[in-house]
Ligand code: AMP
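For reference, the chain that follows is the form predicted on its own, supplied as C-alpha cells.
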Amino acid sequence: MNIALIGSGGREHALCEKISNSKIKNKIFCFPGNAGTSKIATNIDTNILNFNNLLRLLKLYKIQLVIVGPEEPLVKGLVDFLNKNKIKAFGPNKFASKLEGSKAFMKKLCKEKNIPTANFQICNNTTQVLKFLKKNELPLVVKADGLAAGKGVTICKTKKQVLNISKEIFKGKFKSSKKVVLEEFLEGEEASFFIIADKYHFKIFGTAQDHKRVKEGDLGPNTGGMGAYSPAPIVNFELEKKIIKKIVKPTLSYLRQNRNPYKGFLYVGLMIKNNEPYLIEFNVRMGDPECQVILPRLKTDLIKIIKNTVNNNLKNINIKWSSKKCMTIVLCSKGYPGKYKKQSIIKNLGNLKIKKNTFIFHAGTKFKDKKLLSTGGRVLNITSYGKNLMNVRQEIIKVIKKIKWKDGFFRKDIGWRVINKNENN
C-alpha cells in the first residue's frame, strides 16, 4: 500500500515514524517532508497548496491513502478535492475545517450549542473593539479570525495594546482574514484533548499539555509550541466526561446537522478552571508538538486506526496506550518567534547515540550537500518517555547538549507545573 503524508514539520516526522512501524506493509511518500522523514520515506519536494500538481504526483506514485498533517491544506479543501478525484484521504473536509480556519465560526458554534468558552465579540472595525473594551476588564485576548501559524493570539494588558493589535489585523497583517475576535482572559490551566472521529463515531486519542510561551516560566510571546508532555494529569475521568458531554458531542452533532460530519484528528484546546473545561480553540489536526508525545505512547497500529476511520469503521477498533509518560523539548533557532537565521549547519546529529526510548523528530530541517541545515524557527523535537517526567526531561536535556548547536535555544522547564507538583507532594 502506497501512503502519502502531507507536511514537513515535527508532527509529520512523528507520524511518518509511527507509519513506518506499521504491520500493514507500506511505502511512504512525504510531500515535501524534511531531513528526518527522508531517512524512512521518499520525500517529494512540491507545493502542497497546488492541488492539481499534487494530484498529478499522487497518481504518478500510485498513492492509495493520503494523510494530511497541517491545517492550511485542510482549511483550503484538500480532502474534498482528493475525494472528488477518488483518492482516499484522512482529515476533515473544508466545511468542518472551519473549526480552526475561522475563530468567528468556532465562537458562533459555541454560542449556538451552549459550549463553555470565554465571553467574546467578533469585530470588523475599531468601533466594535471600543464597545467591547468598555464592557470588559483587562487583560483581554485579541485573536486573528483566520490561520496565523500560531502567531495570531495576543494577551493584551492595556487598551492601547488591544487597539494596536486589532488595527494591525484589520489592515491585513494575516492574509487569511481581517476579522478580529476579542475574548475575556480566562485564568486556569491549559490542556490539549484529542479525539479521532469517523462519520458516525469518535474515540479519545490522548491528552497533552503544551508550552506556548517562548521563555521559561511561561513568559514572552506565543509560539507554535516549545515543548509538551503526555498524558495531561489534570484531565481526570470526571473532567473527561465533562469535555465529551459539553464540548465534543455538541460540536460533532452540529457538523452532522450541517451534513458535514467530522473525520480525522480533532484537537480540543482547553482552559481548566475549578475542574470545569472551557474551550479556547479547535485544531483540525494533531497538535505540534503534542503529536510527538502522544504517538510514542500509542500501542495500536496507527495505519489500522486510520484505515478504519477513513472507512467509517472506527467503532470496531480498540485503541491501546502505554502507561509511560512522554515529553518533548523543541530546539529552536535563536530569535524565534521573531527573526532568526536560516541555513545554519547542525553538525553532531549524525554521530549521536541515543537510547531506545528517545527520538529526534525533525521539524525545520533539510539536507544540502550532505549537510544538515536548519530551515525554520522550530528545528528539532527531542522526545523521550519513561516512568518519571523529571528523569525524562534530564535525559532530553543531555541529548540537546550533545547536539551542541550554537544557533539554537530551548526551554529547560518543560513540564514544570506537573514536576513541581509531584515534588511538593
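Everything quoted here is computed from the prediction, not taken from an experiment. All residue numbers are counted from 1 along the displayed sequence.
The same protein also has a form predicted in complex with the named molecule, omitted here; what follows describes it.
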Of Arg297, Lys273, Lys212, Lys173, the one that lies within 4.5 Å of the named molecule in the predicted complex (heavy atoms): Lys212
Looking at Glu240, Asp80, Glu168, Glu184, which has any heavy atom no more than 4.5 Å from the named molecule in the predicted complex? Glu184
So, Val310 and the named molecule: in the predicted complex, are they within 4.5 Å at any heavy atom pair? no
Are any of the heavy atoms in Asn222 no more than 4.5 Å from a heavy atom of the named molecule in the predicted complex? yes
Taking the named molecule as it sits in the predicted complex, is Asp218 in contact with it (heavy atom to heavy atom, 4.5 Å or less)? no
Although the partner isn't part of this model, could you tell me whether Leu147 comes within 4.5 Å of the named molecule in the predicted complex, counting any heavy atom of the residue? no
Region of this chain that lies against the named molecule in the predicted complex, out of 275-283, 300-308, 200-208, 350-358 [heavy atom, 4.5 Å]: 275-283
Can you name the residues of 130-165 that have a non-hydrogen atom within 4.5 angstroms of the named molecule in the predicted complex? Val141, Lys143, Val153, Ile155
